[in-house]
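Both blocks below hold the same protein chain, though in two forms, and each is given as structure tokens: structure 1 and structure 2.
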Structure 1
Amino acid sequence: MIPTLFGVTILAFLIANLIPGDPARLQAGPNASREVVERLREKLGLDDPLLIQYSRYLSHLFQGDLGTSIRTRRPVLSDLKTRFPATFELTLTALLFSGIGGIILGTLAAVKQDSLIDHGSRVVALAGVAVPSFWLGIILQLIFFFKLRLLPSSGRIGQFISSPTHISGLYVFDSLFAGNWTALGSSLLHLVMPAVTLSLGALALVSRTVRSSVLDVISLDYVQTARSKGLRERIVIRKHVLRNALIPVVTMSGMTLAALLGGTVLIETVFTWPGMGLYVVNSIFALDFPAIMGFTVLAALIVQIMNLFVDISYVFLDPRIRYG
């Protein structure tokens, strides 16, 4: 994990500094004099060599300091903490959609191999991989907001509805915990379109992985033995097939989370979702290097921790697996 995160900081730092433009000029304004811009560059440390800038950044990072945002003038860590619950709620919902939907669709496709269900799941998987998420989000907005008026087009909660009492920052959980049914209904409606849009690509990946894994397991001897004992087919599938077919799926969950975190940047922009993705997009336009780096490092850390939990979970899924 440590070498990976170290490599991420190097790549993100180099890429951020290759973006054309001058953040000092953007912060000072178009009418600022050259002297003002130069003083600001010196204050921000932008006139130092890249190696010195990176060393300074790494030193602060080891102390838990992600720097100060050039755009908001606030600590990047505070900005990300404020916006993290919105991104986590969206990503978690999309992960549930893709996980549950992918397992059900993939299992049905494997059990009903070469049937209409199998061919339909193949079409869904192809669409999930081929359709750009931002395009799908715009199409859903056109259909369900502009045409049918069934779902809101942007935001986390209705304009005239107060946010629920802050407990976790997750509007659905906070509304449910406080018994605020108005806020709960509005939060769920606002969550549907962005979560479905974000989950489609991951659902395609999970469903095809489940189908392949179930087909590998379903023909093994112990499954045939369970059937010969007279067990119902759904019990055979649930207890004997799915559990042993889930390891590749769990392995994919780490990659799925990485894809979802990357997808939030586009989805939050399309749906004006006030999370970390929208924050980093606005930071890119403002050439806010500390904010860009902070988001990248935090996302990489989340993915690494998720992969660690995935590795640990193997022991509980398959007792035959032991780590030295």
Structure 2
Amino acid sequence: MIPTLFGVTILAFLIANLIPGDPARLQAGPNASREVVERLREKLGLDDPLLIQYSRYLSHLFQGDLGTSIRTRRPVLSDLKTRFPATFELTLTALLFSGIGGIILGTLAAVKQDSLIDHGSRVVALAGVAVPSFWLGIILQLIFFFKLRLLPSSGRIGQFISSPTHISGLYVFDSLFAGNWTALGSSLLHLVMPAVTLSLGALALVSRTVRSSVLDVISLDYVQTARSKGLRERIVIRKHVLRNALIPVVTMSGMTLAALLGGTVLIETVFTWPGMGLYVVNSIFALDFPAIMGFTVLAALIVQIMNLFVDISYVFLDPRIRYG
């Protein structure tokens, strides 16, 4: 993991240096005089050899310094920090939707193989992968906001409702904790459409994986044994089959999180969700490279940490696995 993270920083640094424009000119603004730009270039050390620039970048990174955003003129890290909870709340909800929904759908499809549910789950899986999430979001907005007026179409909370006291930054959790029911209702309503839209692709993948691994496990001898000792089918599936069949779901959860994190960039744009994805999209138009690269490195770090958790969780899921 450590060498990979070094690689991540090298790649991020290389991309940032790909910029055809002049970073000093960008940071100084279009009206700055040549002299100012030159002085800034010297100050930023842009004339130094790449290797020295890289080691400087790395040492800043280790101190938690991702640079200063050109657009907001604030440290990128604190910009990302304020937007992280929104993205985290959205991604976590989508992960739960796709995980729980996918497991239920996949298990039902496998247990009732070739039934209506099985065919239905196949259609959902095909649609979930083929339909672009950003388009689905727009269509859901048209139906549930513009036509039916059932769900809000943008933001995290109603315009005239103050956000709950900051504890974790997750509105649902914070308002629940403070007992603020108005804020809770509003933030839940705001969460529904973006989270469902974001989760559909992952839900499709999870349900397919669960279906095929349940089918693998269900014909094993120990399942027959469990049945023949008179356990009810529900118990057999829940306690004996699923425990083993869900290991592939855990394995793919790192990949799923990466896909969801990428998806937030699109979904936050559609639903004006004030998270890191929307921040990075706005940064692109300002050619704000410190912000873009900061988010990119952070995303890679999050995926790596998730994969580490996945590896550790095997120990609890499968007693045969032990890390010496």
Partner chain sequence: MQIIELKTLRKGLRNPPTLLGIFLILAFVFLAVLAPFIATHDPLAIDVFNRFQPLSKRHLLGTDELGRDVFSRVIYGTRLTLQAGVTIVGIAFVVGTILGAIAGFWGGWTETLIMRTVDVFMSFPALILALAVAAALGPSLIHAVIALSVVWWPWYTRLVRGQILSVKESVYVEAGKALGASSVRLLFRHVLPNCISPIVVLATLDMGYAILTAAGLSFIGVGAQPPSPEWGAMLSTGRSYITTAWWYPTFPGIALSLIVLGFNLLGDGFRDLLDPRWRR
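Numbers follow structure 1, counted from its first residue as 1. The model shown is predicted, which means the values in this text are computed figures rather than measured ones. C-alpha atoms forming the largest set that superposes within 1.5 Å between two forms make up the rigid core.
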{"item": "Of structures 1 and 2, the form predicted on its own", "value": "1"}
{"item": "Hinge between rigid parts between structure 1 and structure 2 (choose from 59, 146, 162, 29)", "value": "59"}
{"item": "Smaller rigid part, angle turned between structure 1 and structure 2 (C-alpha superposition) in °", "value": "8"}
{"item": "Core-referenced Cα shift (Å), residue 36, between structure 1 and structure 2", "value": "6.5"}
